[in-house]
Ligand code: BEZ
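This document opens with one chain alone, in structure tokens, the form predicted alone.
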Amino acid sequence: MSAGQQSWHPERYARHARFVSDLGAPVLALLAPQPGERILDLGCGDGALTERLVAEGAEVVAVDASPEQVAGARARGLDARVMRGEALEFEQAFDAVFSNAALHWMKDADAVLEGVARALKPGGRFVGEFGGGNNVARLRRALIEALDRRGHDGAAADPWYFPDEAEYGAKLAAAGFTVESIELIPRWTPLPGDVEGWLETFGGAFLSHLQEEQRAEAVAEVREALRDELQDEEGRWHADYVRLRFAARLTAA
């Protein structure tokens, strides 16, 4: 893993992050997929939610920038393709674009929205949920500080884009969408195991700046720094999630 790179390991993701897709039911309900619709799943991960779209009778194309995650999605029998969200290659091909827990990894939001608008048929809808506002503020702060202490620019290593409603709503409007709903949702989320699993799964863009022998030390340091804030009296760890959920429709030509 080169410096600044986030890598994905489907088995690790399933072990430490399955809650991400498990918590996707409300945004799926907001999408309300219909049988026969063509839907693009943008940032599909290992395809756990894509399967649910297919089960509703939709014809789904799934894309993700991670070859490892796409391989996991293909293993489920899905039409999954390696493609960056900032460089979508579709033209008026879909009735809807769906995205869960992925857009915050795509820092060039304007390029993403331009590609989504191009991929949709006139009047098509874009429904998604991703990190917004102060998402994982405590975890983010601790990771940045751990890098700073080791002579790196922690803020520059930050791979995430967490807008509020006003900022992202304005970007949607500028890309030709009518915003039907948008809201920030605080979601204090219990983790399936120790916070170290979360850090190793999602913190790669930070940890990749460190020598291998420094990474375990940094993770242990971050864990200790967050113990009083994110671990409850029973010893269970939580993540301080805030999600931005939205539904928008492409203005018909």
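Computed from a prediction, not measured in an experiment: that's the story for all the values here. Numbering starts at 1 and runs along the sequence shown.
Below, we turn to the form predicted in complex with this ligand, even though it does not appear here.
*Asks:* Can you work out whether this ligand is within 4.5 angstroms of a heavy atom in all three of His104, Gly131 and Phe202 in the model of the complex?
*Replies:* Yes.
*Asks:* Do Phe90 and this ligand come within 4.5 Å of each other in the model of the complex, heavy atoms counted?
*Replies:* It does not: once this ligand is placed as it appears in the model of the complex, Phe90 has no heavy atom within 4.5 Å of it.
*Asks:* Would Met83 count as a contact of this ligand in the model of the complex, using a 4.5 angstroms cut-off between non-hydrogen atoms?
*Replies:* Residue-level check for Met83: no, no contact with this ligand.
*Asks:* Though only this chain appears here, would Tyr241 touch this ligand in the model of the complex if you measure heavy atom gaps against 4.5 Å?
*Replies:* Yes - in the model of the complex, heavy atoms of Tyr241 and this ligand come within 4.5 Å of each other.
*Asks:* Is there a heavy atom of Ser99 lying 4.5 Å or less from a heavy atom of this ligand in the model of the complex?
*Replies:* Ser99: no contact with this ligand in the model of the complex.
*Asks:* For the chain seen here without its partner, which of 108-116, 155-163, 169-177, 67-75 has a heavy atom within 4.5 Å of this ligand in the model of the complex?
*Replies:* That would be 155-163.
*Asks:* Is any part of 134-157 within 4.5 angstroms of this ligand in the model of the complex by a non-hydrogen atom, and which residues would that be?
*Replies:* Contacting residues: Asn135, Val136.
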